[in-house]
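Just the one chain here, laid out as structure tokens, in the form predicted alone.
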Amino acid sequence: MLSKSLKRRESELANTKRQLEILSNGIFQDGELPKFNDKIAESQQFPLKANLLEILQINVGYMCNQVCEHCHVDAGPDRKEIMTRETMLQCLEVIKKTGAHTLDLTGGAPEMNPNFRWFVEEAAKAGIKDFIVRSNLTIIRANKKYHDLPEFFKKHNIHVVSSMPHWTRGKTDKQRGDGVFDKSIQALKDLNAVGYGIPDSPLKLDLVYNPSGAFLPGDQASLEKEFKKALLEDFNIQFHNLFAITNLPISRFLDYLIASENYEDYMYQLVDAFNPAAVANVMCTNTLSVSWDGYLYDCDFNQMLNLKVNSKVKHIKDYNEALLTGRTVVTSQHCYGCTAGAGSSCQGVVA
């Protein structure tokens, strides 16, 4: 199992320019597969344009207590990039004045940011309709200072979205590391104990599934039924919704694809499964992603490739909704992952 990030290993794929070179050369340069912009032009959906902001997603740092095999953030304990309180204050100013209905905090493990609780408390005062924190679950059981997170989330009516690769120990630990499954199960029990995930409870608990190999996720509704049945029967655990997310060919998943000699086959899968109906609802059209240092991106994946927004406004401190609305979305071949099959976003399928 991995123990270090690509950055710490000094892998060539820690360089975002190298990732973009791989995604634009080879089978795409040779014309074997159409580039993403050419494909969406065929369906008369080019260029993609950003609509009015609905979801503000803020990455508060790449530090994480796990080093997952497929992590598109390349997060881990060795990543020291952490959002400062100064940048959080700039984000808070935008949260207060934007009409966005969803605030989405992510990482790494966002809870590891030393100012995380302060930020949640301040952001909660803005009265955002849906306040999401993306938790890897194991952080709740990492050490005693995190054990009260379920109560903290409940106090501020946080919508918890948790990553859970599978309902079995073997598949979960293979992707996320030894012991992750057992800690995740205990964390889910902790969340259930304070009311999260219980049918009709206002305390929302959703799970995120992503495939453990070089293949696309199955039907989201069917997977949700299987997850609910298995977790209830085996552990008496309940949750609300399951989001099935496609692995995008960037960062550590790109590294995995190349090392396992699955890169070309996977890209063929994505292109073959291209769905014009998914293009119309891709998350980059209603979402703005803010990096730990305050820069703006069309989505979390573009953030990891350092593809900043196509706008005069590049940083949260200069936020201007009028200038950002209607901008052309920055794309590359990784975008096929969001438009394959039923589509994919941080909120699950889109078509």
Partner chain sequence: MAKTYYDPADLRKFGKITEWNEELGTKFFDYYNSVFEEGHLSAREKSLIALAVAHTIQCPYCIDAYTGDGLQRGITKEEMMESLHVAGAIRGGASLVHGVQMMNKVNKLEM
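Positions refer to the first chain, counted from 1. A quick note: this is a predicted structure, and the numbers were derived from the prediction, not measured.
There is another form of the same protein, the form predicted in complex with the partner chain; it is not shown, and what comes next is about it.
Residues of just one listed stretch (132 to 140, 167 to 175, 199 to 207, 107 to 115) have heavy atoms within 4.5 Å of the partner chain in the predicted bound form: 167 to 175.
Taking the partner from the other structure, the partner chain in the predicted bound form has no heavy atom within 4.5 Å of any heavy atom of Pro77. For Pro150, no non-hydrogen atom is located within 4.5 Å of the partner chain in the predicted bound form, even though that partner is not displayed. Remark: Gln90 does not count among the residues lining the partner chain in the predicted bound form, judged by a heavy atom distance of 4.5 Å or less. The partner chain in the predicted bound form comes within 4.5 Å of a heavy atom belonging to Gln269. Using a 4.5 angstroms heavy atom cutoff to the partner chain in the predicted bound form, none of Leu20, Glu21 and Gly26 count as contacting.
Contact with the partner chain in the predicted bound form, defined as a heavy atom within 4.5 Å, holds for exactly one of Ala124, Ala230, Ile258, Leu216, namely Leu216.
Contact with the partner chain in the predicted bound form, judged by any heavy atom within 4.5 Å, is made by just one of Glu81, Glu226, Asp182, Asp190: Glu226.
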